[in-house]
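Quick setup: one chain, the form predicted on its own, written in structure tokens, and binding and motion questions come after.
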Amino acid sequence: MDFRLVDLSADEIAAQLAVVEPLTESVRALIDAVIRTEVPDDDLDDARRRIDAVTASLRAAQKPGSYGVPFTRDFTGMPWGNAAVGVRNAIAPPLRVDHHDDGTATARVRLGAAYEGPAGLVHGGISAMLLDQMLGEAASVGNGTPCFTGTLTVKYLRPTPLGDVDLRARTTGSEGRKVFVRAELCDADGPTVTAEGIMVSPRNLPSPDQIAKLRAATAADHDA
């Protein structure tokens, strides 16, 4: 995993988010509109031409490859291209995850037409992706370093209707670099999908102790 730091202050990050989040939300709305529009074909062709022009303007200056996950000077991750939580990724619902003092991670998200599988229902792969993200969120915060999925077991209890869903994840144990986690996705009537996973800390990432030392050294440099 590429562990890299970016020298951005909280104010600089907030300034970037103030621009990119509304842009991503506009693209997200565009995706929904394309799926459900019933305008005439001529209007569709006109929309395509205008969208192509905007796309070309954005490609005038573009980083190679993926966005990656840089870390700020206080070692906060910036997974802005992530398919579940990325603030630059219009494919992401997006999932906004809250972390709690008891170690659980929770989120509520609305899944609309872009996430349909069977008619009117959430695609099973989307449910698995969101639960996988929640497992990683709970494990990474509890372990102090990012964790990757080692094993993911998903159980579909019943179909999940499109609309608002709630997600919850918690760690159930650990063993060396492994963290054991359980999560569930619920509609208004209760769980529809559950997941269990083994999340693993990569060998090539700094340990929690190393990150603490880096954080202290960075703070000292800025205070000097």
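In this text, all values refer to a predicted model and were calculated from it rather than measured experimentally. Numbering starts at 1 and follows the sequence shown.
Form predicted in complex with a further copy of the same chain: not shown, discussed below.
S.K.: In the model of the complex, do Thr72, Asp98 and Cys186 all reach within 4.5 Å of a further copy of the same chain through at least one heavy atom apiece?
M.R.: No, the whole trio is out of contact, none within 4.5 Å by any heavy atom.
S.K.: Applying a 4.5 Å heavy atom distance criterion, does Gly65 contact a further copy of the same chain in the model of the complex?
M.R.: Yes, Gly65 is a contact residue.
S.K.: Heavy atom to heavy atom, is Thr172 within 4.5 Å of a further copy of the same chain in the model of the complex?
M.R.: Answer no; every heavy atom of Thr172 is more than 4.5 Å from a further copy of the same chain in the model of the complex.
S.K.: Examine Leu23 and determine whether its closest non-hydrogen atom to a further copy of the same chain in the model of the complex is within 4.5 angstroms.
M.R.: Yes - in the model of the complex, heavy atoms of Leu23 and a further copy of the same chain come within 4.5 Å of each other.
S.K.: Is there any non-hydrogen atom of Pro94 lying within 4.5 Å of a further copy of the same chain in the model of the complex?
M.R.: Taking the distances in the model of the complex, the answer for Pro94 is no, it never comes within 4.5 Å of a further copy of the same chain.
S.K.: Can you list, in sequence order, the residues from 111 to 127 that come within 4.5 Å of a further copy of the same chain in the model of the complex, counting heavy atoms only?
M.R.: Heavy-atom contacts to a further copy of the same chain in the model of the complex: Ala113, Ala114, Tyr115, Glu116, Gly117, Pro118, Ala119, Gly120, Leu121, His123, Gly124, Gly125, Ile126.
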